[in-house]
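Starting off, we have a lone chain in the form predicted on its own, written out as structure tokens.
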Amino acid sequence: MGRNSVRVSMGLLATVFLSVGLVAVTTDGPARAAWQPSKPVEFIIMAGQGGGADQYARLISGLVEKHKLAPVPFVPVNKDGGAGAVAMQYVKGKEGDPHTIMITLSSFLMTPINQKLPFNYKDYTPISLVALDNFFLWVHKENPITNVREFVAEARKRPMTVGGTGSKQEDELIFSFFEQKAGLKPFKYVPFKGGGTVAANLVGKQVESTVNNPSEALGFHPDKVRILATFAEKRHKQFPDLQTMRELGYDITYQMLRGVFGPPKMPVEARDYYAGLLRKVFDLNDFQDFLEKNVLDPSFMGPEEFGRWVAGQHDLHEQIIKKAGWVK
């Protein structure tokens, strides 16, 4: 999935929303011009093409250009691999660079823990949270399973083949929780490079089920795929009849962060510029329409609040990863 978290059940939930505008810098004399990028901004995507992170980065870049919000273009660059480690390593090497930003998902928190990397979220500059993404439980339209009760009954009989983005990332974590909470046979989990590929493999019947983000699979709905439930805390206005897993008796809720970070030691004036810019993008009707169409929760946080929130989410993810038995 190109993906964030994030909100996980099992007592892991709290979200505070704060908007931050562009901070003007003044002196005792005439006001100085606020900092702006002087060359194209490299917008790193820590996932492959077609997934959620890829879609959001390209949407943001396109809206910046369409509405002339910046004096330079924002250039999306996919750096997939290593469950996000490739992108994180690349941006870490851009220390102090005010012309590089990165869109992240929950693997930004999980991968350094799972792989015991020599860096983690603390090494990057938090800029803004722009949304919280949701997860649905999907099957192929031709699958005889039409609801969660039938899914559980089948998954208690045999190991089902399921797919998701990467190994030991959000998708596999959700399936792991589902397995534990419902007493299912261990899933045969197949990792793919991105959420777009995951959706294509469900459509092609290479896997029996996925937990794709809505934006990654709604293009195939309802002709090719069926939604069984949402892992959100509450129902979505776009799908008022779609039940939550909690309503169905399984205490599993999870949302993924869609946030933007800068390299280590990014100058504060650059950080504040991007936060202000992203707030402008967030407020655009085009962006809000995209969030509603793709069933994301519109949630904006500026640098300082986002930084505190991410720290708490890291601790929570560390707990649940250990609970899943992925690391000691």
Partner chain sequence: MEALLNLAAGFEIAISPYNLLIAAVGVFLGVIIGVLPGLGGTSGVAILLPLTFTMPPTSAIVFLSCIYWGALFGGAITSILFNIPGEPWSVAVMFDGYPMARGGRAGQALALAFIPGFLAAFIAILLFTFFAPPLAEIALRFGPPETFAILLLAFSTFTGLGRGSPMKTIASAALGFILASVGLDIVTGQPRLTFDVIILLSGFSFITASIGAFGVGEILQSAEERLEFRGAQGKVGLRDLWLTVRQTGRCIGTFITGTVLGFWIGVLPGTGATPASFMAYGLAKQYSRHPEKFGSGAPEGIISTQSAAQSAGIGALLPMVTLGIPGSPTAAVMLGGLYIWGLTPGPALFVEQKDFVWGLIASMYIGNAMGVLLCLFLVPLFAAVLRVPAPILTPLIILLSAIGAYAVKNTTLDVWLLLVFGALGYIFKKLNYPLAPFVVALVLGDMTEEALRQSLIMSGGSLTIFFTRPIAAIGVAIALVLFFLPALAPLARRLLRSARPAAAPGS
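Definition used throughout: the rigid core is the maximal C-alpha set that superposes within 1.5 Å between two forms. Positions refer to the first chain, counted from 1. Values in this document were obtained by computation on a predicted structure and should not be read as measured data.
Omitted from view is the form predicted in complex with the partner chain, to which the following refers.
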Look at the candidate spot formed by Asn143, Pro186 and Thr244 and say whether the partner chain comes within 4.5 Å of a heavy atom in all three of them in the predicted complex.
-> no
Could you tell me if Pro240 has a non-hydrogen atom within 4.5 Å of the partner chain in the predicted complex?
-> no
Give a yes or no for Phe192: in the predicted complex, does one of its heavy atoms lie within 4.5 Å of a heavy atom belonging to the partner chain?
-> yes
Close approach of Thr100 to the partner chain in the predicted complex, 4.5 Å, heavy atom | no
Lys66, heavy atom within 4.5 angstroms of the partner chain in the predicted complex = yes
Answer among 173 to 181, 73 to 81, 245 to 253, 125 to 133 for heavy atoms within 4.5 Å of the partner chain in the predicted complex: the stretch 73 to 81
Among the candidate residues Ala232, Ile227, Ala200, Ile113, which is the single one with a non-hydrogen atom no more than 4.5 Å from the partner chain in the predicted complex?
-> Ala200
Going through 278 to 312 from first to last, which residues have a non-hydrogen atom within 4.5 Å of the partner chain in the predicted complex?
-> Phe290, Lys293, Asn294
Large Cα shift (2 Å or above) at Pro73 between this form and the one not shown, core-fitted = no
C-alpha of Pro112: shift of 2 angstroms or more between this form and the one not shown, rigid core aligned?
-> no
Determine, after fitting the two forms on their core, whether Tyr121 shows a C-alpha shift of 2 Å or more between this form and the one not shown.
-> no
